[in-house]
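Here we start with a single chain on its own, the form predicted alone, put down as structure tokens.
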Amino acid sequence: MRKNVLIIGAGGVAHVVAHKCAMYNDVLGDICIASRTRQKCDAIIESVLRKNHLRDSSKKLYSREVNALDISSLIHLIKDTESEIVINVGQAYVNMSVLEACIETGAVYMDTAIHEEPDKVCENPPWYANYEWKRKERCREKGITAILGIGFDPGVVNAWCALAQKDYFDTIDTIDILDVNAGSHGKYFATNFDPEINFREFRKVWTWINRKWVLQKVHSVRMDYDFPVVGRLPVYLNGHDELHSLSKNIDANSIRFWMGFGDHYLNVFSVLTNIGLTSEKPVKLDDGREVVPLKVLKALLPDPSSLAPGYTGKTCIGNFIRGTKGHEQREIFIYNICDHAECYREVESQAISYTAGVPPVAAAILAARGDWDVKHMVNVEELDPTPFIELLNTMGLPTEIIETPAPFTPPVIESLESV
């Protein structure tokens, strides 16, 4: 049994992770929340206590201050807190320093997004090969369990791909991952998670088509799809983390990711981009100071965690999978519906943070029990999906499956460039 959890980060996803860890602290043990700003950690603790979510009051829930880019400080923190499981939900820039600290201390490592370097955006695929997979052999040699991308997308959608390959298909032709937010936060413009990371996604669209990487323009390929519960909504071809491991680990001809955007969002994003405010490159002011436009924009936009009160509507994330079973053509839609208002009532969060924050806690429980304590580095689709999905069904993220769903037939996607 593994025990004691260290949560790195104090944003909206960390908020949900802390609540859910507290609800299962009889299994997970003591919980420490650590970030550069300890006050944010303490605010999360206040929320957990306000909702009375600490199941076992004999276990500790406390905060620490740490610079997550400082590996030696992280090593000291892991040892001092006796944490055997580290859930990294800080900015993607800190992934490799947190992973290095886990390799040195023997702690289980997990994150919810792929590593990024501040000055490098949308590197050539497969992205995991640039940083994470370079440490695979060291993890195996030292018996380190490292579970990459264990949020929702990436994360749950990867597990659904593994489930489809295991139980529903003999051969898979296409996997289309669809993510829409049919909710309303009432703000003129806001992102549902860290805007700095969010906008960096919208530079290039690398997608996996006919077993090769294909480059497309951002927001250039649109489909309208009739989703269960939330109805017919537009989605746009997008690049995303999970494609970069699924293309390696799942035997499918094409794997694509689609995200929903409304006209207002696209119009505002287009203006911000055209005037340079989504750029990560520093610019010099008249007084000689340098600023990064994207960081200025992040400071101006609403904090994603502040959107939760009054957020209405639902999200739908699902995998449309086409292939064969027993020589017959088969199509299924595996999906989850999450309600913003219900998330706020339960953990004082909105559904985007909730869907990203619950899965790593389910994974931590499986690691603590030994089911997923595999002693090497894995992406989620390499693990047995059944106990994970069954656990999520009891934790607020139930999986639904529709046979012969509404058809999803994207247009032919021409390649601008391939690798």
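Note that the structure is a prediction, hence the values are computed from the model and not measured. One-based numbering along the sequence shown.
One more form of this protein, predicted together with a further copy of the same chain, exists but is not displayed; see below.
For the options 232, 134, 345, 289, the one in contact with a further copy of the same chain in the predicted complex, meaning a heavy atom within 4.5 Å, is 289. With the partner removed from view, the residue among 210, 72, 306, 267 that has a non-hydrogen atom within 4.5 Å of a further copy of the same chain in the predicted complex turns out to be 267. Not displayed here, a further copy of the same chain is approached by residue 276 to within 4.5 Å at the level of heavy atoms in the predicted complex. Among residues of the shown chain, residue 189 is one whose heavy atoms approach a further copy of the same chain to within 4.5 Å in the predicted complex. a further copy of the same chain is not shown here, and in the predicted complex it never comes within 4.5 Å of any heavy atom of residue 259. In the predicted complex, a further copy of the same chain stays beyond 4.5 Å of every heavy atom belonging to residue 122. Contact annotation: a further copy of the same chain lies within 4.5 Å of heavy atoms from the stretch 297 to 305 in the predicted complex, the single such stretch among 297 to 305, 238 to 246, 169 to 177, 142 to 150.
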